[in-house]
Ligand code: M6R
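Shown here is one chain on its own, the form predicted alone, set out as structure tokens.
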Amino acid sequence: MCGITGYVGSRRDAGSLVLEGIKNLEYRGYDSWGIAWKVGESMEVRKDIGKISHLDPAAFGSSSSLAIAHTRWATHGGVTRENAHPHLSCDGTIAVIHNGIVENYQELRDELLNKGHRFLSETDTEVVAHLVEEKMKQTPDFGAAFRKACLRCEGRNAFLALHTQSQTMVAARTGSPLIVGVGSDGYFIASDSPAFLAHTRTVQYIDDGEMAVTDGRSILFYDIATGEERTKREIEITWITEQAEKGNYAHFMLKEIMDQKKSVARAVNQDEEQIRTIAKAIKNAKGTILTACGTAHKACMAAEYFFSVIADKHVNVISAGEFKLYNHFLIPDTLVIVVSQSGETADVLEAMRIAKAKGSKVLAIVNVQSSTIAREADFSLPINAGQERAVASTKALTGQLAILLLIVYALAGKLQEGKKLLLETASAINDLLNPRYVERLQHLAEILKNKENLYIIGRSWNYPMALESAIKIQEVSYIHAEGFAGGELKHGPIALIETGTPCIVLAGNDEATPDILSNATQLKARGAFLIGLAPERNEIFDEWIRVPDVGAAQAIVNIIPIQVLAYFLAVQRGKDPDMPRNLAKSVTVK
């Protein structure tokens, strides 16, 4: 969600540093931005709606050593300049930026209004600046006052604030992520490490329920609830910054799609003994639950078929946002598998904590091994996709599918067979994503770009991929797309089909193939324009997109052409596929 970054230290270009930082966090999704920096004993603030791509870092804070910056994804209050962060105290000495939701903000606002505070926005964030100001009347120490203010705030939040009078920056975390970058000339604090990786790879993690206070020379960590000091290790980040650059690609989304030539093989590169241990845990568990949100949830849905068809094993798949309604089934012998790209998804974290409170073990499959989910899980597996900058997840999904399939083959006692299949699939993807193939999908996008509705059908593990296909097309091109199970057409959705309605048919070469082709024939009889995405051409297809026949890994190769198609639909409709409207990469609010 919101991008947060701040710097305090001996450098005199703090404003430029933090603007550079939020530019590196644009992938998180935002609708407005703002910067506050100290100038002498006062503070300058600039904020506005829209993008920051055109802003020149050199124009901000050229003589400042303390600054914070923010990109906002609106929750409370509309997308306006007034609602953009930072928000200031009445005396103008305190600036606050925030990711999350202060659930009791209305109660706090009313209390502060009665004490004479003036509010300039509709946001929940602004109450925090005024609340800290009020606490400083009792406790002049900025860090101590901020801790007391945090104790009054309910909900999942990450705050970053500066105080001009004490040259101090304070961060506090209750749910939403924050990370400290330890530089040779000061400290960075941000919602994600790309904000400062150009300046330092040494980090310290602010854990849930903790805060950090720094004047640029040193940093102290405290428990928010008790005020007790905490000690922190310094950790070196090892991933390569080039993974986060576009290179010769026009957009990150296309780069990340093309990276699947290698990323699927990286996902398969797991410790075999660890995979066998996980398979044994699933076998011995009294109930296995897979839970995730969005695209990762579709990977879990596909895995439900993997477990059934390959390992004769029943598992339950639950959307993380609904998980708490199923907590009655959890026991210490339950195994919960959570799947997340970012490792910070609010609903997934809540599901994990519910499971752990019941004594259940948690396995995390995550792309960011330094994330909260990875650190709180009993054990975790890395997706190894490398950083995803585009909001729409592509290579993380296929990595998730590959790891889940590998686990299933291990559960069936066929780990080497599964590994061989997945490496062959990775090779097939490398062959598939050639220039002529991509041009073919670009041409198909030209045919479809002005359509108002588009439908996708599938069966077996291709049914979740039909749902995921609809998500990809919706989120980047804004075309109304829906995915259906092929067998459900007769129960309502077929009423939507008329002459020329584009329908994509996801097929493989398996037991579900005759049935999905029968469903496609029913669509054809109603006038649908059929696009077959299958290993073999069928006469009912008006357009055929070839995919390799990879057996149980078919879901992995079938989703990739849809990702490419969605990308070109977005580009040809004049949309930004990297930063679609209203969406964020890491969903850290419920």
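On a predicted model such as this, the values are computed, not experimentally measured, just so you know. Note that residue numbering begins at 1 and tracks the sequence as displayed.
Quick note: we don't show the form predicted in complex with the named molecule, though the next part is all about it.
Stretch in contact in the model of the complex with the named molecule, which is absent here, among 262-270, 426-434, 392-400, 173-181 (heavy atoms within 4.5 Å): Partner-contacting stretch among the options: 392-400.
With a cut-off of 4.5 Å between heavy atoms, is Leu506 one of the residues that contacts the named molecule in the model of the complex? Result no; Leu506 lies far from the named molecule in the model of the complex.
Look up in the model of the complex whether Lys255 has a non-hydrogen atom within 4.5 angstroms of the named molecule, and give yes or no. Answer no; every heavy atom of Lys255 is more than 4.5 Å from the named molecule in the model of the complex.
Partner proximity in the model of the complex: Ile471 to the named molecule, non-hydrogen atom cutoff 4.5 Å: Within the cut-off, so yes.
Consider Thr295 of the chain shown here, and say whether it contacts the named molecule in the model of the complex, taking contact as heavy atoms within 4.5 Å. Close contact exists here: in the model of the complex, Thr295 approaches the named molecule to within 4.5 Å, heavy atoms only.
Even though the named molecule is not shown here, does it sit in the model of the complex so that Ser340, Thr345 and Glu475 each have a heavy atom within 4.5 Å? Looking in the model of the complex, the three residues Ser340, Thr345 and Glu475 all sit within 4.5 Å of the named molecule (heavy atoms).
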